[in-house]
Each structure stands twice: as C-alpha cells, then as structure tokens.
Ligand code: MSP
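Next up: just one chain, as structure tokens, the form predicted alone.
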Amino acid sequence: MPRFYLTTPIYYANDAPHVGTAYTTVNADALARWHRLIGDETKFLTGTDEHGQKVADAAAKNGQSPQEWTDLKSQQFRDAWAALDIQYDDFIRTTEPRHYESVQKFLTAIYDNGYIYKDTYKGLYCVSCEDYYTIETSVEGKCPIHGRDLIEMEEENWFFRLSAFEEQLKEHYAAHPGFVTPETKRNEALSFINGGLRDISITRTSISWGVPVPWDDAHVFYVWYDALINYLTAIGYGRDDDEVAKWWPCSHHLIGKEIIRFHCVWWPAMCMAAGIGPVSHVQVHGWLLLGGQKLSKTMASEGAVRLTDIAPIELTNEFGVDPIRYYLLRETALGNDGDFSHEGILARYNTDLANNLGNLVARVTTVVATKCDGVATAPRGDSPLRAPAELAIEESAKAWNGFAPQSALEATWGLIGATNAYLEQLAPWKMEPGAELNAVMGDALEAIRLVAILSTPAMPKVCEEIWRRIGLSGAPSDEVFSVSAIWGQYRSGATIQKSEPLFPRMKSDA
C-alpha cells in the first residue's frame, strides 16, 4: 500500500490561531483526506512549537509559567482545528518527553559526526523571527519580515557547520528536481545556497526555556533546531527505527514561504549531518493578504493590521465549517499569494455553493421526489454527462495528487456546471413522468454522486449530507475511490426526498 506522511509547520504558542494558520492546516487536512480516499496509508501531523524567548516573554507578560502558557495556547490550536474539522493523526507539542528524547539523540548524532562546534556569536537578532540577520539581509537595520528593529547580541553558542553541506545540497537539488515545489520557491532556496552558506548558531545560554544540550548543561537548543526535528519525533526517531524507515521516505512538508530557508536549506543539511536522508518533498505556499499585507500576528499586535481578530471559529460560526474550508482551498492556488476578504467568502458562498452546487442538488432531488415518486434510477452508459464526469475525475485526481486543491475543485465544479447546463437544456421540471425523465434524473444523480466523492476532501460534512440526500448510505469517504469514481455506479431504487437548501443564500451587511 502506498504511504503518505504530511506535516504542517508547528505553530508558535505565543498567541492564538488565525486565518493564516488555518489556511495551511485546511490545505494539509484536505490533502491528507484525499490520500486516505485513494487508499494510501496516511499520517497527518500538526502541532505547536513551544520553546524560545518569544514564548517565555509572552508567558511572563501574562503572569504564567511557560508551561502553563503553552498548555493554554496549545489547546487553543486544538480547539480551532476541531472547529474546522481537521482530522490530524498526531498533534505534537515540543514540550513532550518524546520530543526531548528525539531532539537530543538527533543533535548528538550531528555532534558525534563532527558538525557541531563552540564559538561566540555577535550579530543582529529578531525576537519575532527568533533568528539572526546580517546588515545585508536586514532592511535598514529592521527585520525584513516583521519590520521590527533588530537588536545586537553577543553570546557563546554551539554552531552547526552548515557551510560543509553547500555542495551536497546543490547535488541533492539537481538529483531531485521536485524536492521543493513550486519551481519559483525551489529557485529561491537554490539561490540562497548558491550565495554561500554560513555556519549557524543552534544553542543559547541566555534562555532556559528549551531542550537541554546533553553534552553542555549550560546551553539549551535554540527554538528553530528543536522545532524542525518534530517531524522525526512523530515517527519515532531515536525510539523506533522501523517507523522512521516506514514513513520518512514518503514525507511531505507543507510550509509558508517565509520559512523556506529553514526547511529547504538548514533542515536537509541537518538531516545529512545526522546520517539520514532529507524529507522527500517540501510544498511551499504563499501568504494570505489583507489590504496588501501578510496575515501576521506580530504586525497585528503592532497595529499595522487587525488580523488576530479573524479567528477561524468566528468564521465558521458565520458561514459554516465547510464553506470556510472551501473558500480557503478554492480562492488561492497553493503556492501563490492570495487576498483574503469577507466579501470574497460571501461571493464564493453564494455563487459556487448556493447557486451552483446547492441549486443542482435541490433541482434534482425535488424533481425525483415530485415527478418520479421519490424513486431514483440508474444513469445511462451513453449519457451526455459521462464525458464531462470522466474528465472531472481525471483532472481532479491529478490536481489533488499534485498538491493543487484549487485546480481539483475547479475541475469538480466543471462537472457541476456541465450538469446544470444539461438540466437547463432539457428542463426536466417541465417533462412528463416516464422513462425519459427517469433517464435524465439518473444521469444527474450519478453526476452528483461523483461530485460528492471528488469534493469530500474539501467539504466532508456537506458531502456526507449530499450522499444522504441522493439516497446513499454511509459517506463518500467510505468508498474505494478506484472503484467508486467510475461512471455508472449509482443504482436504481434509492429513495429521494425534498430537503431544505444546502446553502441558504446570504446577504452582505454592506
């Protein structure tokens, strides 16, 4: 059985989840659901990054210990993901004992292999990034991501010999052209490598909230190098070699473009230094933008934008869970920057969901209930809808497999559009009961069945409801995709009843 191991970044436990983190997580969840649907053995990991100065400062500001603070924040992420129907297999916290064990074993392996040494670091530092910058990589002495003033720090650290892996990284990129996607982000990572790699500091003595360095108890590992190892912790690194061998060759990271350097340069080099191969694939996505600015908790806290107010639970309360999932997946191609707006959600809801999908289901079930005695019939093998259905199945599957949820949904909505056009042409609501009407309705019900299967990674609960409304038992996710996603599987005899609208139209407050 093919395997698929997918991870999100682990999210900083210094504040609450927002739409930006929801965007990543919903995309990951939909991709994982797709791979489960096609029968792959799937593991989906998310979690929280709980060490570092930024977290310790947030805890102190709120009168709590770091552990109390991270307990609270970690639960907030779990609650947000529950509200978005995120079906993860593991939720990792970097304060767990299993993670301490994996981090210490992984970095000790690098140390034993001669790639870690002690030196003094002096340079510019951003608290928000928890990262160092040179004056050349800053923007007039400010962080290029957060816009904050950089502070100068000098400290004795243990360093990772990143410079030793410059040629190996180039060779790895050449041998694995799909290692980082899309290609623009691959080129960005390669450009960083080709510009020359400097050794990087991986420990601190100025903070204590972190994983202790086993060979030097005056130091703790710095947050980034601790955090990256979570992907291996979750599959048993240092505890279960068989699980690592099982999952790591089919591993995929889904990350935002601001952390390319960490995941596409530092992390593969760290894996090489520890004696294991890098992750098999990194899919990079763009930023959601509001008024041209990145969705950023830091910027919001400084008054540049008010995006911490856009909580996933507030959106799901207003629009419903699956409409928000659909919007986040459909509005922006994974890899591009995209605009986020209340108006955009409303437009997708009323057009794609209410007018197109919802109206299709309502039309068909109403006609069958009122003109066909509520009894469904099978589709025709030579139906005019067969070709657009087969095209949608082919294109949607290719897109889901290629980390392109937007394209997958676009292909599925092509079938919805074709089916609505077919019904407009034949106007079955005007036809007399009989064999011709039954045949048209059988074709339309089969198209809806296939739409429910293809859409279930994006809108699992809605698709379960559609499944029920067309007289089928269970859920689309219960099906074997290779068998069910074939034209002609809908059977006669199901009972169909009229129902309330799937997506009642919503009005703008404006």
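None of the values given here were measured: they were computed from a predicted structure. Just count from 1 along the sequence shown to find any residue number.
Keep in mind the form predicted together with this ligand is missing from the figure; the text below concerns it.
Do all of 2, 44 and 281 end up near this ligand in the predicted bound form, with near meaning a heavy atom within 4.5 Å? No, because 2, 44 and 281 lack any heavy atom that approaches this ligand to within 4.5 Å in the predicted bound form.
Interface residue in the predicted bound form among 315, 255, 418, 439, criterion: non-hydrogen atom within 4.5 angstroms of this ligand: Looking at 315, 255, 418, 439 one by one, just 255 meets the 4.5 Å heavy-atom criterion.
Heavy atom within 4.5 Å of this ligand in the predicted bound form - residue from 231, 400, 106, 326: Result of the distance check: 231.
Tell me, yes or no, whether residue 73 is in contact with this ligand in the predicted bound form, where a contact means a heavy atom of each within 4.5 Å. Because no heavy atom of residue 73 falls inside 4.5 Å of this ligand in the predicted bound form, the answer is no.
Please determine whether residue 263 contacts this ligand in the predicted bound form, using a 4.5 Å cut-off between heavy atoms. Yes, residue 263 is a contact residue.
Is residue 182 close to this ligand in the predicted bound form, meaning a heavy atom pair under 4.5 Å apart or at it? Contact check for residue 182: no, nothing within 4.5 Å of this ligand in the predicted bound form.
According to a 4.5 angstroms non-hydrogen atom cut-off, is residue 29 in contact with this ligand in the predicted bound form? Close contact is absent here: in the predicted bound form, residue 29 is far from this ligand, nothing within 4.5 Å, heavy atoms only.
Per-stretch contact check against this ligand in the predicted bound form, the hit in 362 to 370, 210 to 218, 281 to 289, 422 to 430 (non-hydrogen atom, 4.5 angstroms): Careful reading of the contacts points to 281 to 289.
Within 10 to 34, which residues have a heavy atom closer than or equal to 4.5 Å from this ligand in the predicted bound form? Contacts from 10 to 34: 10, 11, 12, 18, 20, 21, 23, 24.
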